[in-house]
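A single chain, nothing else alongside it, follows as structure tokens in the form predicted alone.
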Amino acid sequence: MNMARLAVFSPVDSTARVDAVVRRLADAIAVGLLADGEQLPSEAELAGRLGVSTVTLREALMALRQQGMVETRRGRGGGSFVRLPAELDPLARLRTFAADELRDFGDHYAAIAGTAARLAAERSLPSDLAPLWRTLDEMDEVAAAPRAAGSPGEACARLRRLDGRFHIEVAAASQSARLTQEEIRLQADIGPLLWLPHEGLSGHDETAAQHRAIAGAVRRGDGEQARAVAERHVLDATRHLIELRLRLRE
């Protein structure tokens, strides 16, 4: 099991445990770490991994079922299965944020992404970095031949998911479960919004260059460069998002 999935299934905080389990699993579903149709571990195993009682876990699964994110099947071959909910309109969600809220989100995210990239450069092994490069190659393939992904909208959606996966993989390479969990949470919260300025594949070359600069610095073990590039990448994306939000007023 890779670090990102280990972070999903590591013990939750001791306070408000039902809410913590719901948030952990919902975020993992939203960013694609838990795939549509995937069967979750048994209640006893999942409760043990998350460090909660089976009663707490059942309450959390009930909440997820009510949100349409988990389906429970009875009988042989039964269990709890992931259901990917319909995506909310990101533009409509963007309208709920003021520009200063987006800036604050960006500052927080830049700090998390920068620290994760620095630690990844200092701690990761070559095997930890292979997923980063595979994801970057996949993003380039989709951008080069968007029709192969289906419609332009499907190509953009796939690129958006791959972008989130790349950032989670960087965090996972930091060998920090807490940083990885925070990256997953931020991707679920703001990841789809940060991609909005690039709908229609605009700006892909710039974004791809920044991604490869982060991965290259991590591979060289240059922690400070990795941190600086990761922070700049997030802050640039936030700036574009704020500009888009301001244009929506017009």
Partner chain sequence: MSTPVSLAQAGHDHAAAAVARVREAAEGVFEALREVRDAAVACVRPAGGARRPVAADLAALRPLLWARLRGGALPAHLPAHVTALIAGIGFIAAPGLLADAPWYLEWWQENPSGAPVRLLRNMDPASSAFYDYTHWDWYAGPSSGAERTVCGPYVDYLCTDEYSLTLSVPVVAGGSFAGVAAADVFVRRFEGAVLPALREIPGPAFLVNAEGRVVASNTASWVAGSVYRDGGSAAFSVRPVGDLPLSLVTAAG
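Note that the rigid core is defined as the largest set of C-alphas that superpose within 1.5 Å between two forms. These numbers were taken from a predicted model, which means no experiment stands behind them. Residue numbers count along the first chain shown, from 1.
Absent from the display: the form predicted in complex with the partner chain. The rest refers to it.
- Annotation: in the predicted bound form, residues Asp36, Arg49 and Ile184 each come within 4.5 Å of the partner chain through at least one heavy atom.
- Using a 4.5 Å cutoff between non-hydrogen atoms, Ala99 does not count as a contact of the partner chain in the predicted bound form.
- The partner chain in the predicted bound form comes within 4.5 Å of no heavy atom belonging to Asp205.
- Though the partner is left out of this view, Ser151 does not reach within 4.5 Å of the partner chain in the predicted bound form, counting heavy atoms only.
- Proximity of Glu141 to the partner chain in the predicted bound form falls outside the 4.5 Å heavy atom cutoff.
- With the partner left out here, the partner chain still marks one of 123-131, 89-97, 69-77, 107-115 in the predicted bound form; by a 4.5 Å heavy atom cut-off that stretch is 123-131.
- Contacts to the partner chain in the predicted bound form (heavy atom within 4.5 Å) from stretch 165-184: Arg165, Ile168, Glu169, Ala172, Gln175, Ser176, Ala177, Thr180, Gln181, Ile184.
- After superposing the rigid core, the C-alpha of Arg24 moves by 2 Å or more between the shown form and the other one.
- Shown in the overlay between the shown form and the other one, fitted on the rigid core, is a CA shift at Gln225 smaller than 2 Å.
- Taking the rigid core as fixed, one finds a CA shift for Gly216 smaller than 2 Å between the shown form and the other one.
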